[in-house]
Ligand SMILES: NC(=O)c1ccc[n+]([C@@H]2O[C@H](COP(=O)([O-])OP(=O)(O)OC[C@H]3O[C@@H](n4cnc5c(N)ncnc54)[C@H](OP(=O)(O)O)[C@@H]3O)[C@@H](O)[C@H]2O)c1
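One chain comes next, on its own, written out as structure tokens in the form predicted alone.
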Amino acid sequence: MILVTGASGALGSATLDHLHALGAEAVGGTRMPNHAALRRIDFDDANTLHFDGVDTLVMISAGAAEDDVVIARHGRTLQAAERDGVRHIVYTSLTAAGDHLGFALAHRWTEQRIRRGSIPWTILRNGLYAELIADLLSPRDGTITAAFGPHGVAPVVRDDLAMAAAKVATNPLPHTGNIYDLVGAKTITAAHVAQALCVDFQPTSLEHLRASFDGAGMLPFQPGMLVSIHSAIAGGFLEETGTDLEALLERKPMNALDFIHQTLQGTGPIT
């Protein structure tokens, strides 16, 4: 059996859907299950971390929080998986180029913990979501304002990442010990998005960006994480493209620029 953690989140639920479509025996784990295909798995409650009968654990990251919270959650989960005899772990991590991002540390800690553990593993280093880039570049009053500078990013549509995770989980043995960098096939800049939408792009500074968060009701760690995305893109650290995703999908990934254009043109900003 395959168990997917974080099954109430967008990546986890899409991965579970693809597993079912592939005919796999799979269940989802979530803090508040609401139907039979889900079981209670709460990263903050060790009493819920039971993986008896689970052959492959698809471990979706424990969600946005301070590093010490995420690390503790992942540590408890991995300890329980080792105790209960899980045979393979597929972990959805962060692109190799993402070390400059404010949420990279917990991912890298988890990778190290998995690699020194007793369970065979596969690590999927996911690129930034096209959905996130669409949100960050959503036009306001006919203008895209972002601190991306002239550089770009190689984003990935989240559903492609979910399909890649499902494909690996249904047949993990050939992927044992592999680390895949699942970034997009093309680099997209803010100017590309503005051109596609026929709007203006007005670059802004990191200082202006951070000031715009005042009064937004964010948690203390969130502004720094968002600023780190802009600064890493502006520094040219996230432009590298790759082919690992295409190899796992056995098809071309969805065109991220087309997806961003359709998202912003058709439904407006993602919330």
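None of these values were measured; they are calculated from a predicted model. In case it trips you up, residue 1 is the first one in the sequence shown, and so on.
There is also a form predicted together with the named molecule; it is not shown, and the following applies to it.
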query	finding
The named molecule in the model of the complex reached by all of T56, R108 and W121, non-hydrogen atom within 4.5 Å	no
Non-hydrogen atom contact S8 with the named molecule in the model of the complex at 4.5 angstroms	yes
Partner proximity in the model of the complex: F201 to the named molecule, non-hydrogen atom cutoff 4.5 Å	no
Touches the named molecule in the model of the complex: Y129 (any heavy atom, 4.5 Å)	yes
Distance check, G236 to the named molecule in the model of the complex, heavy atom within 4.5 Å	no
Candidate stretches 201-209, 239-247, 61-69, 216-224 - the one whose heavy atoms come within 4.5 Å of the named molecule in the model of the complex	61-69
